[in-house]
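Just one chain follows, in the form predicted on its own, and it is written as structure tokens.
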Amino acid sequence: MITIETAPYRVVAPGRVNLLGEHVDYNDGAVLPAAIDRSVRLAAEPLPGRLVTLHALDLDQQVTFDLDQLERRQDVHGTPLPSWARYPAGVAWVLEQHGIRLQGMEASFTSNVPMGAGLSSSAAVEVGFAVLWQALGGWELDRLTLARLCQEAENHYVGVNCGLMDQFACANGVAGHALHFDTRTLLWRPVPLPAGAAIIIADSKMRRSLATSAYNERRAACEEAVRLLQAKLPNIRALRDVSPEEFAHVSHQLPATVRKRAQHVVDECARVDEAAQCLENGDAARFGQLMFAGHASLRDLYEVSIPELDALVEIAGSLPGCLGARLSGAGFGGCTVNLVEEAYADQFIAGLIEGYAQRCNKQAEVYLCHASNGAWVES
């Protein structure tokens, strides 16, 4: 079996965390993710022919599939592909669909991106394999297009209706920076994170049991808000087109629940734009306030938080060195993201773990991270 250390081709693909801009991507808003220095590591050697053998080292599983039989979603023995293999197979399928002929390979991969915690382990796998096949094949493709193809793989091969943010951040991360990414125009720019600040991610260990149905309900509420608001604001296409001032004048026309959901999205879109300006101006204190405000909005207006996430954010806000904290991801479980002065990082982590154990009688998994570059080929 091929090893990570000795393979002729090696790729590192980071996970990502979203610092601000939650539940705005399907409303055409801008988001503020950062790639993080927890990653998927892949290693491969090319093989003649069209067979691909993958070793998932963390699962101690392997599978072989044929690049000419990807539509079947089966291995060479006719067995359905395991769920983990559908991500690389889906990337291969999409690349081939777009006219890029791939070659066979044997590859191993391992990850220290926690699965199921909302840090985009699946997007890291997708982007990592896309970059790996690019290295093997020597073909050119810009990173935004690469990210869009990986999103297409997840949407149409894996069957998960995700937005573009995860693959975008994994492919385009900039060390020391967040990425201001407009999900409508696809324009983006890196914005510097405060010097001497660390990203600390706290996994509540609560998994998202209600996320799918709740996500669909909230998405429908946003669409209903747009439909109703178009009577007064005929030029809007999505909630990102409504300013907070406009919303204040017309929101009384919306049913109470729809109004709350839309209020979060309108305010969150404005928060992201202000937050990017804060980072460019070096105003870390105001940026942190916007993170706390974003969490309160997700808790009270969008109603996707849970007591454990609220506890983590409240405890974080009481600890020295904390600039800002909020839940990160869809909600109903998963992680919080904290921006913390590096000098206080160890003290912060210890205080957060202890406080969460006392408050919730649960053990949080806490990760000290920094903003990373997007996926790269190791030399």
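All residue numbers refer to positions in the sequence shown, first residue = 1. Nothing here was measured: the structure is a model prediction, and the numbers come from that model.
Omitted here: the form predicted in complex with a small molecule. The next part is about that form.
- Residues within 4.5 angstroms of the small molecule in the model of the complex, judged by any non-hydrogen atom, belong to 164-172 and to none of the other stretches in 242-250, 227-235, 89-97, 164-172.
- Contact check for Y344: no non-hydrogen atom falls within 4.5 Å of the small molecule in the model of the complex.
- In the model of the complex, the small molecule lies within 4.5 Å of some heavy atom of A330.
- Using a 4.5 angstroms threshold between heavy atoms, Y215 counts as touching the small molecule in the model of the complex.
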